[in-house]
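First, one chain by itself in structure tokens, the form predicted on its own.
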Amino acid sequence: MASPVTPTPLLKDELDIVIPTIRNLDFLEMWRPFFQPYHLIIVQDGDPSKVIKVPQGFDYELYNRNDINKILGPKASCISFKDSACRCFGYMVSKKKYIFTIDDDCFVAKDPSGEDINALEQHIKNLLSPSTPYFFNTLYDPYREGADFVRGYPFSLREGVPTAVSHGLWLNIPDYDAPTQLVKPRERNTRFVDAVMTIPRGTLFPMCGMNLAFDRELIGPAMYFGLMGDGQPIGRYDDMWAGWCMKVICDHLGLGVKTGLPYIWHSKASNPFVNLKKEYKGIYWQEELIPFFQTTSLPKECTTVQSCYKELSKQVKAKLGKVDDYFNKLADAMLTWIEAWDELNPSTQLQNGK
């Protein structure tokens, strides 16, 4: 009897998995059936002399702070230290079309039938199907099996637009800010919602970086996780900053962002008191940041992600610099990030944003 043919994993040679970490990557054992065929980029945070152990059988490259300084030179100042924002260095050095990034406290979740969820496969399906940011479909994702466009949906918009980002969710420990963690310390997310939707054009959302995939060629240069952590007055806003910048640029360039499936199992709640110390300025500042991003518009001459991002950095300096000097530093780092990206990725300057 012939042995069953194992299907080739989707995008096996076109996707990198980026993992920021300060510890041994034992969590990969649980993900082995899904991750082993892919190339991993591990960004080691903290002490570069510490040896990080990676389970056998994985194809990976590992970068620590010394490597980042060596590769980027003075431009390494734009990569955060002692914060998971360091992961965006992995986006920069990747040579693949797609990126999936996951935290090392995230495990395989089960769907309501008890089956293990292949989060990576679902992200890929999200990225490979169009988005519908210009008109909301009440059956959510119309390209999914068993769904379609509902009556009254304009036929001229049914082709959709390319999907740049797939934002996944989490069971167990919710992604809460410190004040919410403090008042709901025992709350767990047990709701599995079997849906994917396009986030409408003009609508911002809080992007979480622990279960996220994106088309690096379409939006990579906008996925900068900012200046956070060591030496900075703020932490835990890295993914949200990237999400706000990215969404403004996607809206301008006619790209889509999906959220919903897949779920992962988030196993470890971070300390709410430590989080409050990192977040408290952000909680105050976000009341100014959100209106800024809601009202920001980019000129039509900006036709690439890089040109959009440079323009956004100018507006950050002009309008948010007066909120706090930190935003002047951040605006400068945004430009440094783009310069470093273009040095390492000369071919993407003309490709993206089309």
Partner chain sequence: MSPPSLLSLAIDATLLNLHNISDLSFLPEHVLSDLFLRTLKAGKLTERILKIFIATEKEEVISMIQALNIQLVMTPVLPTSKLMSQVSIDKNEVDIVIAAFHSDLTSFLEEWRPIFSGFHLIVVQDPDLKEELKIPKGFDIDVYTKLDIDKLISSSNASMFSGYACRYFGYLVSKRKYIISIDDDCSPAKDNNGDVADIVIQHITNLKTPATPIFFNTLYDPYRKGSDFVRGYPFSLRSGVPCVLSCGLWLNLADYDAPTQSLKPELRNSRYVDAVLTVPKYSMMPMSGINIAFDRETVGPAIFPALKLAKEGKVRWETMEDIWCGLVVKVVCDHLQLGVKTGIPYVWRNERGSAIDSLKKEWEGVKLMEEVVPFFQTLKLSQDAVTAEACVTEMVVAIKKEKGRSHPELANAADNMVEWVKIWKEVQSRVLV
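Positions refer to the first chain, counted from 1. Since we're looking at a predicted model, the values are computed, not measured.
Although not depicted, the form predicted in complex with its partner chain is the subject of the following passage.
Remark: all three candidate residues (Leu139, Tyr176 and Thr259) come within 4.5 Å of its partner chain in the predicted bound form, counting heavy atoms only. For its partner chain in the predicted bound form, the listed stretch (232-240, 92-100, 215-223, 113-121) containing residues with heavy atoms inside 4.5 Å is 232-240. In the predicted bound form, its partner chain lies farther than 4.5 Å from every heavy atom of Ser267. The closest heavy atom approach of Asp325 to its partner chain in the predicted bound form falls outside 4.5 Å. At the 4.5 Å threshold, heavy atoms of Arg186 stay clear of its partner chain in the predicted bound form, well away from it.
In the predicted bound form, at least one heavy atom of Tyr134 sits within 4.5 Å of its partner chain. Checking Ile71, Leu128, Ala147, Leu182 for any heavy atom within 4.5 Å of its partner chain in the predicted bound form turns up a single hit: Ala147. Along 188-225, residues Arg188, Asn189, Arg191, Phe192, Val193, Asp194, Ala195, Met197, Ile199, Pro200, Thr203, Leu204, Phe205, Pro206, Cys208 each place a heavy atom within 4.5 Å of its partner chain in the predicted bound form.
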